[in-house]
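Coming up, as structure tokens: structure 1 and structure 2, two forms of one and the same protein chain.
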Structure 1
Amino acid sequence: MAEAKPKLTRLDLELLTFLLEHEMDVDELSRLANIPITTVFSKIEEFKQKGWISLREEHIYKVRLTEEGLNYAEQGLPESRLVNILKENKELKMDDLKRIFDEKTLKIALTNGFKRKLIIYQDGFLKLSNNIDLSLDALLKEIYEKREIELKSIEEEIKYLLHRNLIEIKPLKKIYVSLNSKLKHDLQTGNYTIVEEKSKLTSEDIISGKWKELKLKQYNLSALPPKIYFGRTHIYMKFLDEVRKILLEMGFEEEEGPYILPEFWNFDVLFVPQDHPARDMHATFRVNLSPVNLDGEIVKRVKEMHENGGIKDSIGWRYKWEKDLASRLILRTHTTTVSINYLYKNGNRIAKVFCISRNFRYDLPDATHSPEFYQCEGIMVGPNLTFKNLLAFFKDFSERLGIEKIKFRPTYFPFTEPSVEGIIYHKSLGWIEALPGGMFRPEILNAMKVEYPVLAWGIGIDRLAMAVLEIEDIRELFSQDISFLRNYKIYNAYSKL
């Protein structure tokens, strides 16, 4: 008995004809046939059920340059530019390089030059090492020229560029389709029958009796429908909402303050000396606006605090305090400015106050640092508060977040004494600093005219989020990658909150 000829619709024939020459990935098949990808997948599932095709999966990675990567692809990596300069000059002093590079670029060039062992520092001079490898520049240039490249595996060079945020990687799964030998022979010899197929019957088909002659498309109940992505809160915003909820449940009230303010409210009222490294323009963003005019009783008390301590048992910093320096406008470097303003306005009011907001510091981005970051900061004001209350708060707050491993160690801050640094355990990064705090110094309380003890904390909420959400790179907290945000298992992460 002769085998029955395969029955094909015209769409079946069109799609299968493209596969006569060689196997093809589904995206390419959709593009060549000019048929929506969802229709192609539906047909492939049907062909698979009939045994006409074979499928093969291949995992690939699409690599594109970030904005910083584009810049370096055009100009060359900072360390490579440094290498080329040293090739011409043999050796240079650090002061010579400061005249060639701006400070930020020089820092990047030196950091990565030493890390990659391209340069050495010897007898006061920078020199080339014996390990000159500029292949990273060639890789960046290749990606730049092709706009994006496809890789089957992630090599060390790619991991390094990803760590420096010079590239973006998007994992993809390619599905390749190929004909089986029997159907291929039938198509080549014309051994098939064309039939009209309908997936939906009309009332006219039924009334006229035409439905008896039609081939009805079979429903495949095992085939998965197209994915529908619903709107969702950004993973980090969701986390901050959870933290806000926890603090409100603990009896705190929320406050906020301005991003731009004079150094006076960011540093001086917190007893940070005017020559402190944190106030340097290479650590703090200055705002190119006219300084504010500082006046009033608080300015006099802060001046006295810096110069002489302001209280009996303190000698202050023993220097001449400059109002002009305190008047300069900056982007705030911490949200403690919100707390100190609250104290100034409310004095001895018993209170528990917090603020979750952004801060800005001149920092090079890496896995645990960002020039723009959130801080969860607060104070507790009351007549009987002690340092133990602060440690108990840190412990309770961390447990409510689901953080089980926490340790404390003494540290130093200009505006608190005693001071503590709480470190938490991240399953991939190990122990990371995240919970700094202490008791406001008596000099500050005197300047604010506050008699009660004040417990202050400025939690690195970004790092807490990394531990809770099990994220290894702080930049992912601000990711706009739709694929990452869609596929992140947000409910698993928050199930312990």
Structure 2
Amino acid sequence: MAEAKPKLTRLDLELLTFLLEHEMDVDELSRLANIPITTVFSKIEEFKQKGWISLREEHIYKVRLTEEGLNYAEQGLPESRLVNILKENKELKMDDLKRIFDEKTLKIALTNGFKRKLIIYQDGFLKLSNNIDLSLDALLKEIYEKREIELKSIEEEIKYLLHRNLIEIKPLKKIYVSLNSKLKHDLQTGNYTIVEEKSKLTSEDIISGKWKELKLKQYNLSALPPKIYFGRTHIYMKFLDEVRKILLEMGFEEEEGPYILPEFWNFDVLFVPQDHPARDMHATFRVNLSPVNLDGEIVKRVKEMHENGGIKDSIGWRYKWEKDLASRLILRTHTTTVSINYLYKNGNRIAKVFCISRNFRYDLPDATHSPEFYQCEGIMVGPNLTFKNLLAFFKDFSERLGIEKIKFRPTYFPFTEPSVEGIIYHKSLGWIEALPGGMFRPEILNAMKVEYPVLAWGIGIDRLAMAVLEIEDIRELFSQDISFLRNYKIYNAYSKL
């Protein structure tokens, strides 16, 4: 009895035909057939069970150039450039080379030139060795032109390039599919039947009533679905919005202010003395713009505040306050400037105001520092406000955010007295300093013509966000990795509060 003809759907036939000539890896099959990889995988699984195909795995390495590698692919490796120069000049002194190369490139060229024995140093001169091998450049060029190459094993040359950080290597598993000989023969001789199988119901089927007779394909429940990237608000912005909502519930009003302003509004009005280290070039960014012209009564009042306190009972900082220093334009270093500016404009009026925005400080980026960062700051202005109220506000705020434990520690800010640091407890990170605040000093209230006490507070919002979102590096709040943002599981973070 003749063996049963294999039954193929149109999709089966299309996929299997690609395999007639030679084996093929699953990725390529998906690309050539223009069928999603997940569908191809589920088909492959089905073919295997029917005994139509065999699978073979192979481990390979994908090799790409790094930024530095790209540069060298275009210009040649520094040591090769040195070799080419020596080919023209035969021998050169170090000083000549210093004119040709910048310091860093020269160092790289020499180190590697000697290591690879391309050059020698003799009697004060650099010369070519008799062993000039520039095959590395060719290899770099090859990767450059193909953008990416695939290797079955890692040879010495590749290891060397990796060591020099010129390439990146990604190990990868490839799955090759090949037809079994029986099916191959059947396909070649046309020994198969096509079955009309529908996988998707259409509107037409429903309207025509055809759906009653249709044999629809059974769902493959074990196949992985395609990965869907949804659009989403940035996790940090989402967090800031939660904070904003809490403050609104507490009756606060949102404010904002300029990023670039004279030192006057960032420091002087806040009683920060002009020789305070926070004001120097290693703490604050200055911009290349001419200083502004400061004028008016407020300038006079602030000058007095610094020189003699401006009020009975205060002695001030006792130095000669200079308008010129206050006129320089800088990037604001804290959002307290928004609070104080609000006070200046609104005077003695009951208010609760907050601002969530960016600030800038001369900090080299590392896991805990960023030259640009968010702050959330605000003030409460009103009769009979006390330090007690400020501490209670901190407690209330953290509870609303889901943080149960908080304690307080004395601290110092030039513009508040008393001053406090609120420290909150996070389940996995322990105690974190996150809530600085205090009452604006009487000298400042006097300069602003405010009689009500002012409770000023800040929230180390970056730190708090890092704690809540379980991010260990502050730079990740501005993550440059799209996969991190797409795959971040926000529920995990909030469920731990």
Partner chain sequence: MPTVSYNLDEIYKSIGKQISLEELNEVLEFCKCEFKQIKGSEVICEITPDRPDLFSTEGLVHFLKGILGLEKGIKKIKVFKENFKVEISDELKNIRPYVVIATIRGVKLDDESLKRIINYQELLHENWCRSRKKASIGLYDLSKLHGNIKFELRKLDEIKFRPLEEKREMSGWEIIKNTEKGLKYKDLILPNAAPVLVDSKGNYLSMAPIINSEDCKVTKNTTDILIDSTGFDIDFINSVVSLMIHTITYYGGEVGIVKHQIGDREYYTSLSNKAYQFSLKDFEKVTGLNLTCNQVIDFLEKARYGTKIEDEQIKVEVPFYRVDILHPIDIIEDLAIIYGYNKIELELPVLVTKPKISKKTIIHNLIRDIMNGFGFQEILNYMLCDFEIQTTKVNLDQISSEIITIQNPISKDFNCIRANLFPCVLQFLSKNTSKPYPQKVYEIGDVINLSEGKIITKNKLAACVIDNIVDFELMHGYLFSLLENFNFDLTLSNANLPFGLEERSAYINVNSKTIGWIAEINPNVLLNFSLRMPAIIFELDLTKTFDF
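Take the two forms, find the largest set of C-alpha atoms that superpose within 1.5 Å, and that set is the rigid core. Sequence positions of structure 1, starting at 1, serve as the residue numbers. Computed from a prediction, not measured in an experiment: that's the story for all the values here.
In this comparison, the chain shown as structure 1 is the form predicted on its own. Relative to the superposed core, His59 undergoes a C-alpha shift of no less than 2 Å between structure 1 and structure 2. If you fit the rigid core between structure 1 and structure 2, you'll see the Cα of Ile356 move by less than 2 angstroms.
Taking 2 Å as the criterion, Thr9 counts as shifted between structure 1 and structure 2: its C-alpha moves by at least this amount when the rigid core is aligned. Once the rigid core is matched between structure 1 and structure 2, the CA atom of Glu168 is found 11.3 Å away. The Cα position of Tyr425 changes by 3.4 Å between structure 1 and structure 2 once both are aligned on the rigid core.
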